[in-house]
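Only one chain is given next, in structure tokens, and it is the form predicted alone.
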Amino acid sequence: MSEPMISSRWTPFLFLAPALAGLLIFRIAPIGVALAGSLTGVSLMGEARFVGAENFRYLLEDAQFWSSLKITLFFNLLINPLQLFVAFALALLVFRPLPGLWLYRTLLVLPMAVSTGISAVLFGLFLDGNLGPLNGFLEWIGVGAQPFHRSQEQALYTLIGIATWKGAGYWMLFLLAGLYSIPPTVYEAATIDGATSWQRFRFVTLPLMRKPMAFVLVADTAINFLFFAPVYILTSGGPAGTTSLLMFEAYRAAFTFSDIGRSLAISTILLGIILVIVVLEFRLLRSPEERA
């Protein structure tokens, strides 16, 4: 009997090699480049030079950076719980047997088929003050036309609405899978014990959905901190800087002011914030058994 060409000990690594190579090239290496670039500056002659923590010191003294940081944190403080709540409500809705359920599910996941950039363009037309159908409807019912993304008071909330429309259906699929993974016998046992619908939801569904909800919240947080396309297309950080999220500031530093060091320093700080918040979310969402 011939010896196998490759030891079975190395077989798992061979199957994982393409994924590990992609992770190294497209994830870890860019992080290393960003960290190194945040410590460099470019002279007027175009030569890169090591400047240490100078880019970070300039950022900490920059009022625009602190304003963008506050807007970014406020944006995520609102949108992450909102998207999780909407996605979970939709998952509970389509989890029940309803007539025409396939149609509801198709409509809910339809935003996934539209790219973020195209959805921003479509919303720009939909919310237009002159030709937009939504403002036409609001005027018809007597509310009056709204400026939406052109208003300092409404622009950030308009972006939150667009992001929620785009992402809720996607996150709903993960939560729906979590609902289907709950054994029906658990609900049967609770019903036999006399639990009401609310008690089954409170003491069975919510505890068993802790891990799917934690995954959605953590992944959603990482994505929303990098929210960019609708800001670039609809508001360009305005009006008056009210939608100038950190990701947009990093883009503007690099491609408007050609300050690569500042852009990479903002990206590095953004990465650090995401890591800290994700670790906190994991710790807060652990079950009592995992905390013990």
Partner chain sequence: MEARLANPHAMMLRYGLLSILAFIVVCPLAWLALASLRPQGEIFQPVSEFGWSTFVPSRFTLDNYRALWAGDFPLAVKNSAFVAVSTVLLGIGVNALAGFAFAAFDFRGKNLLFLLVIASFMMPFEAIVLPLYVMIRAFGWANSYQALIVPEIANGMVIFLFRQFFASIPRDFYEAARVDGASWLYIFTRIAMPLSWPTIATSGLMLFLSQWDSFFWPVVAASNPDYAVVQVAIARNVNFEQSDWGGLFASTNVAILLGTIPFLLVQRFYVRTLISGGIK
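Residue numbers count along the first chain shown, from 1. These numbers come from a predicted model, not from an experiment.
The next section is about a form of this same protein that is not shown, the form predicted in complex with its partner chain.
Proximity of T116 to its partner chain in the model of the complex falls within the 4.5 Å heavy atom cutoff.
Proximity of A34 to its partner chain in the model of the complex: non-hydrogen atoms within 4.5 Å are present. A residue is said to contact a partner when one of its heavy atoms sits within 4.5 Å of a partner heavy atom; L59 fails this definition for its partner chain in the model of the complex, lying far away. Its partner chain in the model of the complex is approached by A222, whose closest heavy atom lies within 4.5 angstroms of it. The partner is absent here, but in the model of the complex a heavy atom of L107, alone among V143, L107, L206, L77, sits within 4.5 Å of its partner chain.
For the options L84, I160, I71, L176, the residue carrying a heavy atom within 4.5 angstroms of its partner chain in the model of the complex is L176.
Proximity to its partner chain in the model of the complex, taken as heavy atoms within 4.5 Å, picks out 24 to 32 from the listed stretches 50 to 58, 236 to 244, 24 to 32, 63 to 71. Contact annotation for 118 to 134: residues with any non-hydrogen atom within 4.5 angstroms of its partner chain in the model of the complex are I118, V121, L122, F123, G124, L125, F126, D128, G129, N130, L131, G132, P133, listed in sequence order. By 3 Å or more, the C-alpha separation between A177 and L280 shrinks in the model of the complex relative to the form shown here.
In contrast to the form presented, in the model of the complex the C-alpha positions of E281 and A177 draw closer by 3 Å or more.
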